[in-house]
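The data below hold one chain only, encoded as structure tokens and taken in the form predicted alone.
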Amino acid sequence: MKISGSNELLEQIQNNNLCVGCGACVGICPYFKAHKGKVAMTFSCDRTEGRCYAHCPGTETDYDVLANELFNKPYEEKPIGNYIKIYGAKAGEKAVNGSFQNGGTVTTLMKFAMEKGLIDSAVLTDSIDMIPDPQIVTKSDEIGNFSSTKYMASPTVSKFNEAIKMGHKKIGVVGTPCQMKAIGKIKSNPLDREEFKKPETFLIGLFCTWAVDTKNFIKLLESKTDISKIKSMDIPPPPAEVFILKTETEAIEIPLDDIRKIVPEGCSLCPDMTCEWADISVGAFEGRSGWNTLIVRTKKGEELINSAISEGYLTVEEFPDENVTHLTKGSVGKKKRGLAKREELMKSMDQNDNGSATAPSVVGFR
């Protein structure tokens, strides 16, 4: 697998509008900056190999390397990825009540992980004036402040890079598939840097079909309401096909077709709906308001889940077979769309102006 430098990253990813704004290149290189949902290269660099390129989820990726890093075995092409168990879940009686998006599973487990010493810090995403704002949290009682879904691209991985620099050795992260993929690449140390100190991690992945472009999303919201009055945002399960904004006085529905128009091109290449590169993955439980779908993927995740259940911090129930079937169908659909988009891109970018092939390194696949 060829690892190139920042100029190639700029040419292959940034210039083709394939950047998903994850922030993997930010914080390891002084030339990449994140601003209002966008990541930009501010100065040129002559490195022929760089961590910016190696860590980017959009560049060539060996999935066997990621699978061995997380699951200690080669990659298996499964519809919803490697997993041990799927539950319906929600915050238990001993969990602190809060304004959870669904069942509060993510907030509860990250807080529980910190209180039990599994992590010494957590990379979570807040927002300032609607713009996603990732932060490093070291106090468990602050984790509940980050419980809402943002729906916008966030440079979350930049704070993971920062947490490593700060010396945190056990880092929890809540993130989307592209962000978890980038973290997997970082932990695999693709440039074999001797000074790299791989941290222990606890990764909670979020189900994701897409994230929207921050600038265009804010413009859309401003056309519907005073954004300072927005209290929450949500996407009801199918067949609703609407995005709902809630203020103190009203609920505003926006057709999902209007939202899809502002999804970055890079999102359309992603084949991962259920966030396969995490210890556990969490999404909405369709048909059960106030509950989450919880996929347990690793032994570390299983141990924490079992402990949280036994201590009353998490309530679980069996996940119905029909819901597994529906989840599998949705995941397979995203994989097919992502791979079809990749093939389309490979055809359109089969050769650059000099006649040399560029497509394989663009598609983020091995």
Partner chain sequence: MSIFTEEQNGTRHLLMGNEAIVRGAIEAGLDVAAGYPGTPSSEIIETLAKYAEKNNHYVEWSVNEKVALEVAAAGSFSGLRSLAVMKQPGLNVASDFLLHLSASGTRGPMVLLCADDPGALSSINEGETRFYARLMEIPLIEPGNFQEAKDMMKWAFELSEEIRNIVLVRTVTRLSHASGNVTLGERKESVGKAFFKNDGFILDPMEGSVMSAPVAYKHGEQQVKLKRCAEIFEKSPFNVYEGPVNPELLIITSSICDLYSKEAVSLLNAEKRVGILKLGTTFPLPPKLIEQYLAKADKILIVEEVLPFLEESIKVLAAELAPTIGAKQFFGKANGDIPMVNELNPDIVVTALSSILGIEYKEVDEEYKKRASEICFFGSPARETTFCPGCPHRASFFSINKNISMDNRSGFTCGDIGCYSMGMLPGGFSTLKTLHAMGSGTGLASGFGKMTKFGMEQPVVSVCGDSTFFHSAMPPLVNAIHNNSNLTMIVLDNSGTAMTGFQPHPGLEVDATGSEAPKIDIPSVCKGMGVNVEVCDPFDLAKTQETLFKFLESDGVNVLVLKQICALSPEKKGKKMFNMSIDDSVCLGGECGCNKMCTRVLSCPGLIWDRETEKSTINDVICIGCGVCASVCPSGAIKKEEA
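Please read these numbers as outputs of a predicted model, since none were measured by experiment. Positions refer to the first chain, counted from 1.
The same protein also exists as the form predicted in complex with the partner chain; that form is not shown, yet it is the one meant from here on.
Put simply, of C29, L327, I305, A67 only one has a heavy atom within 4.5 Å of the partner chain in the predicted bound form, and it is C29. Only one of K73, R193, K229, K198 lies close to the partner chain in the predicted bound form, with a heavy atom inside 4.5 Å, and it is R193.
Shown alone here, K219 lies within 4.5 Å of the partner chain in the predicted bound form, counting heavy atoms only. Although the partner is absent here, G301 lies well away from the partner chain in the predicted bound form, with no heavy atom inside 4.5 Å. The partner chain in the predicted bound form is not approached by L339, whose heavy atoms all lie more than 4.5 angstroms from it.
For K334, no non-hydrogen atom is located within 4.5 Å of the partner chain in the predicted bound form, even though that partner is not displayed. The stretch in contact with the partner chain in the predicted bound form, judged by heavy atoms within 4.5 Å, is 33-41, chosen from 33-41, 293-301, 310-318, 56-64. Taken together, the three residues G23, K246 and E253 all stay farther than 4.5 Å from the partner chain in the predicted bound form, as judged by their closest heavy atom. Although the partner chain is not shown here, in the predicted bound form the stretch 50-78 places heavy atoms of G50, R51 within 4.5 Å of it, in sequence order.
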